[in-house]
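Quick heads-up: it's one chain on its own, the form predicted alone, in structure tokens.
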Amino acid sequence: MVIKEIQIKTSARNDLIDITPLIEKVVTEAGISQGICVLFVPHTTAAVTINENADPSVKVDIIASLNMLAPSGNHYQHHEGNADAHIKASLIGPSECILVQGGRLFLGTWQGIFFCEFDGPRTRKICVKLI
């Protein structure tokens, strides 16, 4: 088993950052031909998801839709000013499991892995475990 922690610097309050190349590098360096890649975000205001990475407007639409579901503002009981970020992170989720086949991530043609920032900018981390 391989466990690696990757640091990610975010630059906006809400952002989806394509981390597919970073995760592919971990798989390649580990030299495993098949298995499972588990991703985990140890933050309560960030998440990870898999979605289309060919058209950048998909990221824009996802963020806009999440902002409609959980708008920023002061109508929440959580008074730190980031309740919307907690809600968005809960909706997306902190983890993903991806098959590894032939030494590569087994993703669909248009799929990419996105680190989701909802309370940035910050320095964050994602944990990668290869089984």
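Everything numeric in this text was worked out from a predicted model, so none of it was measured. Heads up: residue numbers just count along the shown sequence, starting at 1.
Beyond what is shown, the protein has a form predicted together with a further copy of the same chain; the following relates to that form.
Remark: Q111 counts among the residues lining a further copy of the same chain in the model of the complex, judged by a heavy atom distance of 4.5 Å or less. Although the partner is absent from this view, G103 stays clear of a further copy of the same chain in the model of the complex, with no non-hydrogen atom inside 4.5 angstroms. For I98, a non-hydrogen atom is located within 4.5 Å of a further copy of the same chain in the model of the complex, even though that partner is not displayed. In the model of the complex, a further copy of the same chain lies within 4.5 Å of some heavy atom of S90. Residues of 1-20 that come within 4.5 Å of a further copy of the same chain in the model of the complex, judged by any heavy atom, are M1, V2, I3, E5 in sequence order.
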